[in-house]
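Heads up, the chain below is alone and in the form predicted on its own; it's given as structure tokens.
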Amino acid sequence: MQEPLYGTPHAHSSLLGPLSPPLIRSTTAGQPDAETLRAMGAGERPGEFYQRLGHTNGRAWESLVAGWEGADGAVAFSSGMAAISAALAAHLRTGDRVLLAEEIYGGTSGFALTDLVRFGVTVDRFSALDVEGLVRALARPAKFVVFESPINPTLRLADIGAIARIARAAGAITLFDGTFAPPPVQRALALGVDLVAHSATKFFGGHSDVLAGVIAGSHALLGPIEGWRRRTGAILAPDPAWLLLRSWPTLPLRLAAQQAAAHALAMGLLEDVGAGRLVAVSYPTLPNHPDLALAKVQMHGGGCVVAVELPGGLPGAKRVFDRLQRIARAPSLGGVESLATLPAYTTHAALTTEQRRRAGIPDGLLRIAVGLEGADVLLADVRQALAGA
């Protein structure tokens, strides 16, 4: 079998000399002879050739992701949406059908409903919380089933294993967005999905200074995706790849600290629900979470995001949001700093109020991505914002 043109057998791990891998920005590499030039240009031989086709820093990071996910390989992109859109576009043809979860990141919905349909792909919706509904939807053939868990921003959980089994039995490829709970919190490939995508901008980068995405899975499914990347030029550049390599050793430590703080924050906010200052708080390992039993099966912890519903709908949420002092008002998640966002204005702004309602997203929802400040600091910030709103 030909060696794939993504990933490298061994990432930098020397204990002698430079302990950090070198950053190689060169866009091209000289070759020894015409035959080597031909073979590398044709994609028959891996190695340094031209940066759009692959480079040292990118391949090293792809290999780390593949190992972390237990995958054959991984293909890195310039953003999470570049990765998701490439995975779909590389495998779909006019006349194909995609089943897209109602409860999916707004950017993924936007791409599917705006661009895939423009090229003659049928996009139908299903609820990732309704396994029997998926069985009915797959009575008609579908090429892809696309979903996520934990669900952004409600933090409900889809039964990953059940959805993967149902889709595979119907001949559909499962594309799973694992951004909210990367390994070791959750290993979607081990639960049966075919392809897992991550916005590496989030936890893999971890410092709010990288824009990147990645797809992991089998060589058979990654091959067309890598080909799409070569043709469209959506490859991750060396500098962000190097920053991802820098962040990699601290990933499990950051996740452990952020996850512990998120659980503590959510438990503390339950008191505010009881006191009537909050309508609801959602976090997968809370004792009242509707999917707690599923969380114990498919997750190791509850992740690093907490969702709260504030009284007064969107106006009430805005008042609390504007009073936060330690939690930054910004989109995204996964960095060392805690961030708060209003999904009605950011992640799901492209949806109507009714579409958000069908996805279980009230306009008064506030999403808190937990960083490393500590649960006590974050709880105090939320409570002072509630008190003055």
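Owing to the predicted nature of the structure, the values given are computational and were not obtained by experimental measurement. All residue numbers refer to positions in the sequence shown, first residue = 1. Definition used throughout: the rigid core is the maximal C-alpha set that superposes within 1.5 Å between two forms.
The form predicted together with a small molecule is left out here; the points below concern that form.
Note to self: Against the small molecule in the predicted bound form, would residue 122 count as a contact residue? Criterion: heavy atoms within 4.5 Å.
What the structure shows: Although the small molecule is absent here, residue 122 would stay clear of it in the predicted bound form, with no heavy atoms inside 4.5 Å.
Note to self: Although the partner isn't part of this model, could you tell me whether residue 105 comes within 4.5 Å of the small molecule in the predicted bound form, counting any heavy atom of the residue?
What the structure shows: Yes, residue 105 is a contact residue.
Margin query: I'd like to check something about residue 81: if you look in the predicted bound form, is any of its heavy atoms closer than or equal to 4.5 Å to a heavy atom of the small molecule?
Written below: Judged by the heavy-atom cut-off of 4.5 Å, residue 81 is in contact with the small molecule in the predicted bound form.
Item checked: residue 203 within 4.5 Å of the small molecule in the predicted bound form, heavy atoms -> Residue-level check for residue 203: no, no contact with the small molecule.
Check: the small molecule isn't shown here, but in the predicted bound form, which of 307-315, 268-276, 210-218, 252-260 has heavy atoms within 4.5 Å of it?
Finding: Of the options given, it is 210-218.
Notebook entry, point to check: Which residue, 186, 247, 109, 179, has a heavy atom that falls within 4.5 Å of the small molecule in the predicted bound form?
Noted result: Contact residue from the list: 179.
Note to self: Once the core is superposed between this form and the one not shown, does residue 59 show a C-alpha displacement of at least 2 Å?
What the structure shows: Shift at residue 59: below 2 Å after core fit.
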